[in-house]
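Presented as structure tokens, the chain that follows is alone, the form predicted on its own.
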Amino acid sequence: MNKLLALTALVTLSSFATAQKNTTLVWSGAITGPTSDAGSSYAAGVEDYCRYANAQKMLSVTLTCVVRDDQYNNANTQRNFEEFVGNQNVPVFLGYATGGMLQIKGVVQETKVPTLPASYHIGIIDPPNNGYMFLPVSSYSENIVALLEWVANKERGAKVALIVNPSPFGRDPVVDARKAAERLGLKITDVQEVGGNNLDNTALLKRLEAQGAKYIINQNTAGPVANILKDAKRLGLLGKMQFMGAHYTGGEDLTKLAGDAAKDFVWATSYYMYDEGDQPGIQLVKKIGAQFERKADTIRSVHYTSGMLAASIAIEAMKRGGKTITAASVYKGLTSMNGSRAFNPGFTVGPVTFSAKDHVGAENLRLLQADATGNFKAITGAQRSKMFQLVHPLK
């Protein structure tokens, strides 16, 4: 790593001997491989917002946009970080998977390059090595605790099962969910791991039914959840069980895969939806998507909006940091986003705020429920989970 730091310093000195004319925004994530059902749209959002920023001359320098497929492979993520931070001196890194972000967490701290992941795993910003990692929106753990609060308000003492992805992304919120359930008077009956090859979930669902689990909370991507919902419909369990999930489980990506089996699914997310066309951020999503001729499914995906949010935060931080764009100036720009200077590009149900201690951007979330046509409608206003701050206080 010392070699990487030395190379970074050398590039820094030579790059700014003359007036800065360009800078680079790079994203490393899964365009192919596991969870690419979300990653491909996210990548398109990053790329298009970056191109839009250049067209609008948001910065005084030319922005080079790089979207790199790491195939959900942690080693590829680390190589991309070292290539762009160490060799090309990028001032901010946009990452993706939970595992990859945890793997480079120490290197991010060492190089002091602000990094924004697509993973909303709270452990990424927990100590140690948490000075330069920033979550764009509320964490998966807070999503799930908010869902548990909703269950407790409906039925205190209810039995709840968790179905999670077999990865750090899926597993890590379970600890906070267990703590919250105990405080809320709920019983976690089971925690099952399900990946993307779950073509027959009969045994899983029969097991949860036998346990009396009425509420099923998913921490996964839309594909595996859609397969579970279709099997639940086939087994006559929709209506008997309430299916729910954190950010990457829902939205139009889910209804596209699950069809009418997605009806009544309850979903936690910080983002506005495609059909909320009165929101300025959604109007911008549609405008940019049309400008760069994206397919309708891509534009409608919440992950396209998510990619735009990450890129917009990075570019706004570049703009705020000063005339010369460096990792230090981007950090300064990010941590200026609070109070009257909060950043609100309109993609989320509340502004993006950061400080030296606050590394969660858009902290508000809503719960939404799919109607008979597959559209998700808000069933709560913008809110924060009250219980989450008790089971996982900021450190």
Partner chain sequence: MPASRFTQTGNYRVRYQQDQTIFATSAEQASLIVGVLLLLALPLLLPKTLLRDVNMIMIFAVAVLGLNVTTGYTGLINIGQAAFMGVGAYATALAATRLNLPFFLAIPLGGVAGALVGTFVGLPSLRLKYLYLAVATLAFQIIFEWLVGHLPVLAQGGAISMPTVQVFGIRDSFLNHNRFWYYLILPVLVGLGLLWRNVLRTRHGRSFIAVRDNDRAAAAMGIHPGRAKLTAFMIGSFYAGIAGGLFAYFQKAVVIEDYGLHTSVQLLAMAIVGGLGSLPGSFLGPLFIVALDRFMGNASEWLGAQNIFPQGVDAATALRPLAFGLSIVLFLMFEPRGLANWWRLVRLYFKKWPYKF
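Residue numbers count along the first chain shown, from 1. Please read all numbers here as calculations on a predicted model, not as lab measurements.
Absent from the display: the form predicted in complex with the partner chain. The rest refers to it.
Of the candidate stretches 69 to 77, 267 to 275, 223 to 231, 154 to 162, only 69 to 77 has residues with heavy atoms within 4.5 Å of the partner chain in the model of the complex. For the candidate spot formed by S40, F81 and G86, every residue has a non-hydrogen atom within 4.5 angstroms of the partner chain in the model of the complex. Contact check for R320: no non-hydrogen atom falls within 4.5 Å of the partner chain in the model of the complex. Under a 4.5 angstroms non-hydrogen atom cutoff, the partner chain in the model of the complex lacks D200 among its neighbouring residues. The partner chain is not shown here, and in the model of the complex it never comes within 4.5 Å of any heavy atom of G281. In the model of the complex, the partner chain lies within 4.5 Å of some heavy atom of Q103.
When you look in the model of the complex, the only residue of R171, K206, K187, K179 with a non-hydrogen atom within 4.5 Å of the partner chain is R171.
Only one of R300, K214, R294, K263 lies close to the partner chain in the model of the complex, with a heavy atom inside 4.5 Å, and it is R294. Residues from 30 to 45 that approach the partner chain in the model of the complex with a non-hydrogen atom closer than or equal to 4.5 Å are I31, T32, S40, in the order they occur in the chain.
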